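Two forms, one chain: they're shown below as structure tokens, one block per form, named structure 1 and structure 2.
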Structure 1
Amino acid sequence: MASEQQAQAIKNAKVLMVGAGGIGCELLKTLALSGFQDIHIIDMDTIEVSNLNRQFLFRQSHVGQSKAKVAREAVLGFRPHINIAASHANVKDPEFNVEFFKQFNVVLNGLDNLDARRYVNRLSLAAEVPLVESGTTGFLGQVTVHVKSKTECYECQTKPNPKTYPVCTITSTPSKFVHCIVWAKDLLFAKLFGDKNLENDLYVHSNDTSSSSENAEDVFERREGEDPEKYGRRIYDHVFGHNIEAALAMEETWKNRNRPKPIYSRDVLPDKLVQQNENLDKNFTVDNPLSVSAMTSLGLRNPQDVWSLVENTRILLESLKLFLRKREKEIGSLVFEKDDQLAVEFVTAAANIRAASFGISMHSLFEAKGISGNIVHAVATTNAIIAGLIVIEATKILQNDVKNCRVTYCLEHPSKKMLLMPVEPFEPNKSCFVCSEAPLSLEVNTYHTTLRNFVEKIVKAKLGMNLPLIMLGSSLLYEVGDGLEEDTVANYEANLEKVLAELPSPVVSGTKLTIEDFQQELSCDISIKHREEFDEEKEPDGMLLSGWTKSSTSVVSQSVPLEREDNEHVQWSNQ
């Protein structure tokens, strides 16, 4: 039973809840049943069939609808007199700015990706609103409390980078199924459907020997009026046939390796792909593009079946055709998402065909989705426990009882006879560039690295800035945002293709760059140090960012997950 002080703090609180998935459903239910009266939910996702086994506010009839809006309606069904606002939107949208965050007493996170977590952390800091962060993976979970100047922020401890593989292994000599998944997701899918300006290591030129290398056709470019099936077969034959034959010509590579087998579409399917589903009318439209499915079109139902080579070929060609016919407007801007059914089908099929070529065991869509999204399948009980712990910590914050807040880890096996391990929150890390504004340093070859590489691999990927502004002294080198003049945008675009040392204000060893993101109200300084060479395997970015170190107190968490990724693989500290 809550004390009168607790009850009043809860009743008067205005809560922002980000994420209405596995943790979010349990959290919204627990908030409502605990007496919270004013809640705003933000979630950009729609409900999938796979959510129904653990996200208990949703039913079969809700599939394809907004998670945030359905969760709201479900809870209002048993708590009709409370105020719940629901936004089917991305928390990184401009409307959810610092001023928006300032209206809340506490922010509660139930997110499933690092990028969004960083963003919410930074806006909570800027708005000076306490944040309760959370995550689960299988039987493991954690709840952490972040209060500006009193505890560490979410980014005080550096997050482990996703596992990377040498480019040559992915492009030429895969030996594991995960290598095939990375190739299908990060190279083939990105080449066909992603940003055409990004670098890609796929060999793209036609095997037409009559063409010079300079004028050789890029086979990934679809010819005007080209039939989707013919285009699909051309891509198939290039990546699984011609490219494999070209690789086989390098005899040295295969002296101590199994030789791959070229696969051509004509050898797997007859020249004319039999259309299984005549209902695929070109004028057919769908409300939710993410629900388009090659499996459905071809009558394949069980995601746990391992498809044959023929079935994988059919899925690959069918999914490519569906992207071209039903989602053409998205091509050029697509990024692989594990919740995009058609994208997962395409990547699974492509990875399996490549695996067959290299003598690697094929996997089911269910397994491939887990590998491509690093998914450890969720346990509903863990989500419920974590949701309860979030509410407990939020209640302490609302009573200004931060000294009694705890970081709590949910363990799979007892430690010191405990499955729930509470520890005191860590102090702010003085070397954190986010909450302590500590300077960073970057080792980079300033004569080889372009500004575009720096922006994509460091500013966006490592620092998590979405709308960066880059300055050298008083000189503005790059800026993104609305309201810029066309000539200014053109100048910045031109700068992106220049190496750092050849920019209008040269970036060389000893210079200091200032990077700002006004949307996040974040600024940091990076000192540049020129370095000639990098180890391709250990330093695949060709750059080394340092100065952002873990807090000395983080050794307390040696045996618990440091990465908070709801439904995603947790990486462990090996200090």
Structure 2
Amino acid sequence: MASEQQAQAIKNAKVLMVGAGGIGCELLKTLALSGFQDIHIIDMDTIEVSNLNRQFLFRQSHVGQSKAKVAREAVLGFRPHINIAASHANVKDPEFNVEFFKQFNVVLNGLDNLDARRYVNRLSLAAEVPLVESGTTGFLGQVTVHVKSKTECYECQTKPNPKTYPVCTITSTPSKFVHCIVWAKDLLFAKLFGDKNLENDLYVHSNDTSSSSENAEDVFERREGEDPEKYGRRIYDHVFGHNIEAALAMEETWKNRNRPKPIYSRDVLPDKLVQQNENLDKNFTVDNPLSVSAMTSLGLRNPQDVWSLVENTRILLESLKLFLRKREKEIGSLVFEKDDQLAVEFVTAAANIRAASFGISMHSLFEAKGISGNIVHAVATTNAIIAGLIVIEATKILQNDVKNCRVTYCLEHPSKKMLLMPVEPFEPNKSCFVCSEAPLSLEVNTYHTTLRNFVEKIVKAKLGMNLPLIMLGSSLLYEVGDGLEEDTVANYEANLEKVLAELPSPVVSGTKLTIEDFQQELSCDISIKHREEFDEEKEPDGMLLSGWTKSSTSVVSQSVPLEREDNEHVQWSNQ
């Protein structure tokens, strides 16, 4: 039974909940049962079928509706008299500014991506509202508490960057299935169906050796009136046959590696076999382009099955044909989507054929979809446990009992007999640029790097600023925001294209830049250091940001769960 003081603190609290998904549904329920009376939920997502196994406030009939709004309705069903506000919106929208955050006693996060987490961290710091942060993957989970100047902030410890792979691992020396997926998705799929103007490294290593017979640029273009089957086989033979043979010619590469074997479509699938299937088009009645399926055409049903090389070849050719026949208008603008059945089929088959060529084991469509779509592993029980722990920490905060707050790990295997392991929160990191406003330094080639590159790859991607303002002393180099004069905007646009050293106020070795984001009430200084050379593989951005080091090492011996990123395993560096 809660003490009177505790009950009162809960009753009077105004709580902001960001995220109404897996953790959010459980959290809203437990908050309501615990006596919380005033809750504001923000979530920009709508409900999907694959949410229903754990987001128990939602039903099949809610698919497509706002998570925040449906969650609110469901909880009012058993607690009709409490006050729940629901925003179907992005927490990064300008309406959720520092003033908005200030009205709450505590912020509770049930988010699934780094970007939004960073934003909420900064706004909570600026508004001086304590934050309880959480994350789960499968049976693993964690709850952390962030109180300005008393504990570390969410960004005090650098977060592992999205996994990236060197370009040449993807283009010529894959050793894991995920490399084949990245190749199939980001190179082959993008090349055939995506925006033709985008950079694509598909034949980095092929055109220099095989360019004599064909102009590599043209290989992927369908010739005037070319039969789809012929076109498919031509692509197939080029990427799985010729390209591999061309790569094999470079003896150096294979000294310490297994040599791949070229695969040609006629060896796997003689023409005769194809003709038998020619009439098997079962997709003619399909209305929804996202449900056109090569598996349906070929009578393959179970996504858990690992297809043979023959089956993968059939799927590849069939899916290519279906794209040409049923979805021709989309070609040239397609972006891979995990819910696009035909795209997943194409990528699975292409990755498997490449895997076969490199002696890597093949995988089922179900597995390939998980890898290519970065699908998070999630179960209801972990989310329920984590939500319970969040409410316990929030209750301590509301009673001003921060010294008893704990960071808790939910483990899969017990450590010191514990499945739920509390540890004391860490101190703020003195060199954190977010909560301690510590300066950063950047090594960069000031004669090669444009301001645009710096803004995109450092200010936005690394520092997570949405509306940055860049200053050198008192002169403004760049700014984003409403209400700027037309000629100012033109000036900034011109600046973006200039290299750092040739800006109106040159940025050179020793320059100190100040970067601010008013929305986040965040400001930081960066010292610039010029450097000529960068390692293309290790430092693909051509820049190296440093200065904010890890504060303390974790006391947890077992590897602790970290929130899975939307783009965790299948991003790769593409300069």
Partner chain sequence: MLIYLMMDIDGENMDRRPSRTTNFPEVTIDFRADLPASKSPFPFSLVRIKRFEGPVHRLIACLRLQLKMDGEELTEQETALYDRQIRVWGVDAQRRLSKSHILVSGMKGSVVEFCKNIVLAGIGSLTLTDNRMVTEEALLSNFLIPPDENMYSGRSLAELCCDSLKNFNPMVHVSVEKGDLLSFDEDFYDKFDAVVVSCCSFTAKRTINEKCRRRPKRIAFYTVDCRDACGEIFVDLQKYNYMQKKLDDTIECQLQYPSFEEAVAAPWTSLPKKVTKLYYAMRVIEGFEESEGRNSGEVSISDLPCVLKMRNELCKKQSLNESHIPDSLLERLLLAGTSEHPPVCAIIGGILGQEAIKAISGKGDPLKNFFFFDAEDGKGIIEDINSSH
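When a residue number appears, read it as a position in the sequence of structure 1, where counting begins at 1. Throughout, rigid core stands for the largest set of C-alpha atoms superposing within 1.5 Å between the two forms. Keep in mind the model is a prediction, meaning the values are calculated, not measured.
query = Do you think the form predicted alone is shown as structure 1, or as structure 2?
reply = Looking at both copies of the chain, structure 1 is the one that matches the description.
query = Is residue 243 among the residues whose Cα moves by 2 Å or more between structures 1 and 2 after superposition of the rigid core?
reply = Yes, shifts by 2 Å or more.
Large Cα shift (2 Å or above) at residue 329 between structures 1 and 2, core-fitted = Superposed on the core, residue 329 moves its C-alpha 2 Å or more between structures 1 and 2.
task = Return yes or no for residue 117: a CA shift of at least 2 Å between structures 1 and 2, with the rigid core superposed?
result = After core superposition, the C-alpha of residue 117 moves less than 2 Å between structures 1 and 2.
ask   = For residue 361, what C-alpha shift in Å is seen between structures 1 and 2 once the core is overlaid?
value = Here residue 361 registers a C-alpha shift of 7.5 Å.
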